[in-house]
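Consider the single chain below, provided in structure tokens and representing the form predicted on its own.
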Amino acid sequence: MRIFNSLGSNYNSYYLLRGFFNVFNENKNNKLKSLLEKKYNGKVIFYYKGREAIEVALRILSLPKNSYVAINGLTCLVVDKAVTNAGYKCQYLDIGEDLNFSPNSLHKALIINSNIKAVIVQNTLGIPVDIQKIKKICDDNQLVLIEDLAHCAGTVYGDGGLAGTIGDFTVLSFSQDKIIDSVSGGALIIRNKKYLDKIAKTKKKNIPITWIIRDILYPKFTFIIRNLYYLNIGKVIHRLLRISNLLSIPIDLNVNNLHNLPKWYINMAYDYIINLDFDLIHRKKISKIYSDNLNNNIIAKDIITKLNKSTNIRFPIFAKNRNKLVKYLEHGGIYISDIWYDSPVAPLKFQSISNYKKGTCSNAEKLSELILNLPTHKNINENEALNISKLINKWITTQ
């Protein structure tokens, strides 16, 4: 099997077996809701997409129309769109080498723009922000704090607090390649009780059965593709499924409105969460191999010092001539061209439809041209991680 960053990276034969039985198993909605409400101390509502949960959190705030929401200067298009769909504007905060905005960045932005009314923290790649300082700034300025756990369900902050237990709202994503992966899905956790009465005003639709079938088949399709990639048959299958629109994609611009989350996704998310600690231990082991063996010139020190608190969803390195390195690794059967993130609002091919203006976040623009993420998921073992490290070090010596 070849090594991928995405393309069903979280799925193995055990996941496929669970996927089959969860079509018929009883609905674990109440079990998952109870688990999350206890963990994050709030009311849980499920959605078909994590971005729907972000949008709802912002909608029920009923902020003035000219309000801004501060978001990370290196992020995904879906966060940008969730803000604008809720009727607000994005205030992008530039980042440091740890890929997150700092409390100082937020403080400076508030001096310039008094219309910032909410803040979304994402703990990029699971790397923790200085949440206590950010929380204090939010409290002092009466800002709503939303913790987006798409990368960081399981991240621990510097003070020992669990990500998702600090803000007014917590958002989970169950999308492809995320820390919790049920192909699609998400949850909004309302932690601040003063917003509970407003949730009833938001209405959800059921998703079409064709979406459910496509998502249920996605782990099976990607498992086959990965296993047959070395014969080139996998490449052909991959292309045919994409052309025929039978392969589920994480960013689907045709998915609008708010949707219920059907039973299969909830069951898969529940099974994933109860085994999450084992997954995080594995990711930590793989990340340590990278940090111990890779050339220090391509690793940010600010990231290394925080890896023990991180979910290590991916291991970031920073390389000039990044595309050449990607091609070099492909010759060794390592496919990591799926970069989080290749532009301040990623993916790059969609940045033109975002609200980001070039020059807004200079550090994010620079780092997005250098960043390359190494895989840490369950389908990569310690020997493979060591081999990737050696290949990268060898490539560096030729530059």
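Bear in mind that the values here come from a model prediction, so they are computed numbers and not experimental data. All residue numbers refer to positions in the sequence shown, first residue = 1.
Keep in mind that the form predicted together with a small molecule is missing from the display, and what follows is about it.
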Self-check item: Listed residue that, although the small molecule is not shown, lies within 4.5 Å of it in the model of the complex (heavy atoms), from 81, 226, 178, 135
Solution: 178
Quiz item: 222, 105, 91, 122: which sits within 4.5 Å of the small molecule in the model of the complex by any heavy atom?
Solution: 122
Practice problem: Flag residue 126 as yes or no: does it have a non-hydrogen atom within 4.5 angstroms of any non-hydrogen atom of the small molecule in the model of the complex? | Solution: no
Quiz item: Is residue 95 close enough to touch the small molecule in the model of the complex, meaning at least one heavy atom pair within 4.5 Å?
Solution: no
Self-check item: the small molecule contact in the model of the complex: residue 150, any heavy atom under 4.5 Å
Solution: yes
Self-check item: Residue contact check: residue 167 to the small molecule in the model of the complex, 4.5 Å heavy atom
Solution: no
Quiz item: When you measure heavy atoms, are 49, 173 and 250 every one within 4.5 angstroms of the small molecule in the model of the complex?
Solution: yes
Quiz item: If contact means any heavy atom within 4.5 Å, which of 196-204, 150-158, 135-143, 320-328 contacts the small molecule in the model of the complex?
Solution: 150-158
